[in-house]
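The chain below stands alone and is given in structure tokens; this is the form predicted on its own.
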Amino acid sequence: MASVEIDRVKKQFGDIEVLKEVSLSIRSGEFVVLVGPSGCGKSTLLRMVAGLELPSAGNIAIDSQDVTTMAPKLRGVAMVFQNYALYPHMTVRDNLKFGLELAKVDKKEIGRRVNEAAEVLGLSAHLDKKPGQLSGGQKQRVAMGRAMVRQPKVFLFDEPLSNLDAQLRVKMRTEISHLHRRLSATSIYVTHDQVEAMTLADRIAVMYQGKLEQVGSPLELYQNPKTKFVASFIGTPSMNFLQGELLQSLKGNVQASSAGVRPEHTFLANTGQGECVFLGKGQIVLVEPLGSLAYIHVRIHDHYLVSELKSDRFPHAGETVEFMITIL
């Protein structure tokens, strides 16, 4: 295990500034997820920790050692890629041990590490198969095992579940979380999927346009977002935003303002609890039933709101309904 210190790191490609002085401290054994939309710089930052890209400015330290310009193989990191990057002509066993053989590790030690990784990842019965004989989830386990046998100081995951279907992604999230708890390894995980971030992370670093917007626990970011972007990006469905006028302020004047409210804090009239702060009428444009709950999309004037409704009977699109926003 090792800590990772990213200190005022910048990255430019020509005149394009991809990262704008990013600083982030990752504790030993911590699972940190870098999340944000495409193009926000999260994969570039991960590649700089791996040594695949060099910063234009700033420093990176692993276990208190400056690795800013150090070769990737000397950093003590192992990376799991989105596309698996397996050798198709090699068996699972050979894929797992290939890097260790290049590093001249003792044969008995190689065998021990390969067998241990295969047992942990449920690959023992597949060691003599080739990648073409494996499912997508099994291929991803092999990619994880190849990183695991190196016994790195830091695991780096670059959108490893993007190529899997929805059901398999859920299963693999569980397996990655279990592996992290078993190994207690420092892990940095990149994804654009905020559900992955919320379910896997000890802390989430939300990135936007090359900057860190906010860093905190999943619950902290959900309950206390510091910026409108974080509020809109964290949470499914996204937070509702209403444009209006602030009738009273510290200066006593009327101001334009924007209010954000989570879907679970809006209710159809007479179904909510708590103090009502806003009551309105709108037309339902879409109902998304999800078993015991549904997301009700309501249009009021020029605004669209999403309300979470738990019921055994849901309204229908086209109905006009009263709804309220409450403070719980």
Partner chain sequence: MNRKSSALAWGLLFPTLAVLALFVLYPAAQSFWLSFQDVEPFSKRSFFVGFENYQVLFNSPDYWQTVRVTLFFLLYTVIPSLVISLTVAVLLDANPFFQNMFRTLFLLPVAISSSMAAMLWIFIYNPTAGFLNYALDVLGIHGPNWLADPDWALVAVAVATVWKEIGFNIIFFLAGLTSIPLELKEAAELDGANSWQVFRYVTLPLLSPTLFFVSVVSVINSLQSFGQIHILTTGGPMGETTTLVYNLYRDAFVKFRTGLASSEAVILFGLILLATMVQFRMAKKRVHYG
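Positions refer to the first chain, counted from 1. Small disclaimer: the values here were computed from a predicted structure and weren't measured.
The protein also exists as the form predicted together with the partner chain; that form is not presented, and the subsequent description refers to it.
The partner chain contact in the predicted complex: Phe241, any heavy atom under 4.5 Å: Outside the cut-off, so no.
Residue contact check: Val215 to the partner chain in the predicted complex, 4.5 Å heavy atom: Flag for Val215 set to no.
In the predicted complex, does Asn83 come within 4.5 Å of the partner chain, counting heavy atoms only? Contact check for Asn83: yes, within 4.5 Å of the partner chain in the predicted complex.
Is there a heavy atom of Tyr208 lying 4.5 Å or less from a heavy atom of the partner chain in the predicted complex? Heavy-atom contact with the partner chain at 4.5 Å: absent for Tyr208.
Selected contact from Lys73, Lys171, Arg181, Lys107, since only one has a non-hydrogen atom within 4.5 angstroms of the partner chain in the predicted complex: Among Lys73, Lys171, Arg181, Lys107, a heavy atom within 4.5 Å of the partner chain in the predicted complex occurs only for Lys73.
Out of Leu219, Ala125, Leu102, Ala166, which one falls within 4.5 Å of the partner chain in the predicted complex, going by heavy atoms? Looking at the other structure, the residue within range turns out to be Leu102.
Per-stretch contact check against the partner chain in the predicted complex, the hit in 285-293, 298-306, 65-73, 22-30 (non-hydrogen atom, 4.5 angstroms): One stretch meets the cut-off, namely 65-73.
Residue by residue through 84-123, tell me which have a non-hydrogen atom within 4.5 angstroms of the partner chain in the predicted complex. Heavy-atom contacts to the partner chain in the predicted complex: Ala85, Leu86, Tyr87, Pro88, His89, Met90, Phe98, Gly99, Leu102.
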